[in-house]
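Only one chain comes next, encoded as structure tokens, the form predicted on its own.
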């Protein structure tokens, strides 16, 4: 992405939960087409960083831009263009799997026709698309949330422990979704403790500690180089 602005550009970005700085001066660039792994202990700030990138956690000072949008001034501006897949699925239990996917795609301004292929790719076939999400297993609900992400096809994928709750077959399927998204021009930032799997996906790793990005390169990624300010 030479001579173009990065997809994510944070400079001294600070975000608070109450009075606590969950992001304490983050500096980070992520270029289009990258798959970047966030590593760090529980409570380090990985989820907060993903939520800030999604426009769901307000950056109160510093500079924070995602897809060219100023998150300090208007965090809502980026929400249709990014997809966050995290611990909570944000699905409606009283809607069917298919209705949830169609609703999410419509809300993001995408084509409703994308819902069917996404459900099928995630193995949500037969009776499952017409089953209320509240009646599905935890793993099936995770797959519905992934179908939402695939159908929306956002420019920036933000994934928080995305393989959790999936069996081996659907973990492999998720890896394929990620690679396909990048092949079509998307950018991916994921947080994961599963380094053996993540090293097959990510081209670069950054370590989050105390709400900041450190410059340590993980030994699982000998070719990685930090891309921080």
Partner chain sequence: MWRDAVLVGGKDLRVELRSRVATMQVAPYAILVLLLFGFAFDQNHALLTQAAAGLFWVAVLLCSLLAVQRSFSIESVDGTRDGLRLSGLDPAGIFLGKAGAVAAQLVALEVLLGFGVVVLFGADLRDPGLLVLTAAVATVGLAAAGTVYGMMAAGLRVRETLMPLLILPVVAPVLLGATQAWMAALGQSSADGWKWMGLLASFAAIYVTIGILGFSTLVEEA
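These numbers come from a predicted model, not from an experiment. Residue numbers count along the first chain shown, from 1.
The protein also exists as the form predicted together with its partner chain; that form is not presented, and the subsequent description refers to it.
Is residue 94 close to its partner chain in the predicted complex, meaning a heavy atom pair under 4.5 Å apart or at it? Residue 94: yes, in contact with its partner chain in the predicted complex.
So in the predicted complex, does any heavy atom of residue 108 sit within 4.5 Å of its partner chain? Yes, residue 108 lies within 4.5 Å of its partner chain in the predicted complex.
Could you confirm whether residue 140 comes within 4.5 Å of its partner chain in the predicted complex, counting heavy atoms only? So residue 140 does not count as contacting its partner chain.
I'd like to know whether residue 121 contacts its partner chain in the predicted complex, with contact meaning heavy atoms within 4.5 angstroms. Looking in the predicted complex, residue contacts with its partner chain do not include residue 121, since no heavy atom lies within 4.5 Å.
Among 84, 115, 71, 146, which has at least one heavy atom within 4.5 Å of its partner chain in the predicted complex? By the 4.5 Å criterion, the partner-contacting residue is 84.
Sequence-ordered list of residues in 37-64 near its partner chain in the predicted complex, where near means a heavy atom within 4.5 Å: The stretch 37-64, when checked against its partner chain in the predicted complex, contributes 51, 54, 56 at the 4.5 Å heavy-atom cut-off.
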